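This document opens with one chain alone, in structure tokens, the form predicted alone.
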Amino acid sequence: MNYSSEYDIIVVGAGPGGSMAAKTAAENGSKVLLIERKKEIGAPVRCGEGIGLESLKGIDIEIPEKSYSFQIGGAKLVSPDIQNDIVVKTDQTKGYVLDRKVFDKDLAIQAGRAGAEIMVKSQVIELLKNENKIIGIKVETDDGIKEINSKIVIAMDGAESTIARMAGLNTTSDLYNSDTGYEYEMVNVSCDDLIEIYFSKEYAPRGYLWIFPKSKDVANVGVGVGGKEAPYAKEYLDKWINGPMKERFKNAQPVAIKGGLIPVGASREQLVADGFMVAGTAAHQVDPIHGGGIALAMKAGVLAGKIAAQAIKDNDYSKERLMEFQTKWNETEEKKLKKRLKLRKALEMLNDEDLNVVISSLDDEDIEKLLEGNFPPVVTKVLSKRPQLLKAIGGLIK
């Protein structure tokens, strides 16, 4: 294909966030190039594929039936001893288990229909600079190495982002603020219309295990663990499947293996530079409780795309102009994420015995309050049953 040597905006990474950024910017009049290093958008899949309807509010998009595998009616939270569970069916727990290969590609198709040009199997190897200002990219393609100029580059290249580092922004993630997910897609797993979350410090240190249904007998079955435990993620999952869950999985067979790095700390402190923005998982804009980042990346992409397109119209691509993205993100989504990060740190201090008591003490209304960020009444209830947890979770009352 023939590509131009100059664009208004280049978006690097055609995940959900990158495609939404490209689509939004194109719809707002910018000449946009969307670049993906893989030869097929959406593959390989690296996550549990779950997305909540509530998390999609504010994003102007419909999810067609072909893009999801199963509709979710609620969530089930299970104690470490598997003796107690809480089933929650609210607006916040309804959603989909996506088919990411179809979903991601469909979003890229929407970006293309909006006017964005798309370049796949293309690796950005360098950012072009004029002094400290980003003015484009050097990209390696099947047709050779090309230099492409742009007024703004938006990096949405995922957890292992290299583009932001090329721009001089610190997007590295330390072990404490990183999780690793390991997952099987399995057949012969009996499923309801619930995502299932299992807490266990024994089998999922600083994380959880999950069963996300893709049909009545197919599910994504995985584990998320803290960064220091990353080399043992598969081992933890296998022990859980063959141990306490042996009966449930006695006939289960894997048809795919998935996994990847999940940054679970706060968003990076610097998200913009002259002619440059970083957003989505590349900017660590991920929920620190469950590690979900699809909807957050899409929201970040829409916001970045709008602001970048307006900056093009204003003929101002400076860091000061693009700071609007960072300011608006911090005033909205980042406030919620920091509150959830506080909850994550409190949960880390609980052992399995504590978690057994907590889950046996709560009901679906309590979980809904936690999801809304209304911590004090729930914490007070737990402390009435287990006052020795005051040091661990008492700070959530403030």
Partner chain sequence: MWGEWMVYINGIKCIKCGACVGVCPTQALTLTEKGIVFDKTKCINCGACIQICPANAISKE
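Just so we're clear, the structure is a prediction, and the values are computed from it rather than from any experiment. Numbering follows the first chain given and starts at 1.
What follows is about the form predicted in complex with the partner chain, which we do not show.
Only one of the listed residues (Lys313, Lys216, Arg248, Arg165) places a non-hydrogen atom within 4.5 angstroms of the partner chain in the predicted complex, and that residue is Arg165. Out of the listed residues Thr172, Gln83, Ser318, Gln71, Thr172 is the one that sits within 4.5 Å of the partner chain in the predicted complex by at least one heavy atom. Every residue of the trio Gly181, Lys228 and Ile257 has some heavy atom no more than 4.5 Å from the partner chain in the predicted complex. Contact annotation: the partner chain lies within 4.5 Å of heavy atoms from the stretch 31-39 in the predicted complex, the single such stretch among 63-71, 349-357, 325-333, 31-39. A residue is said to contact a partner when one of its heavy atoms sits within 4.5 Å of a partner heavy atom; Lys234 meets this definition for the partner chain in the predicted complex. The partner chain in the predicted complex is approached by Arg46, whose closest heavy atom lies within 4.5 angstroms of it. Shown alone here, Thr141 lies farther than 4.5 Å from the partner chain in the predicted complex, counting heavy atoms only. The partner chain is not drawn, but in the predicted complex it has a heavy atom within 4.5 Å of Glu160.
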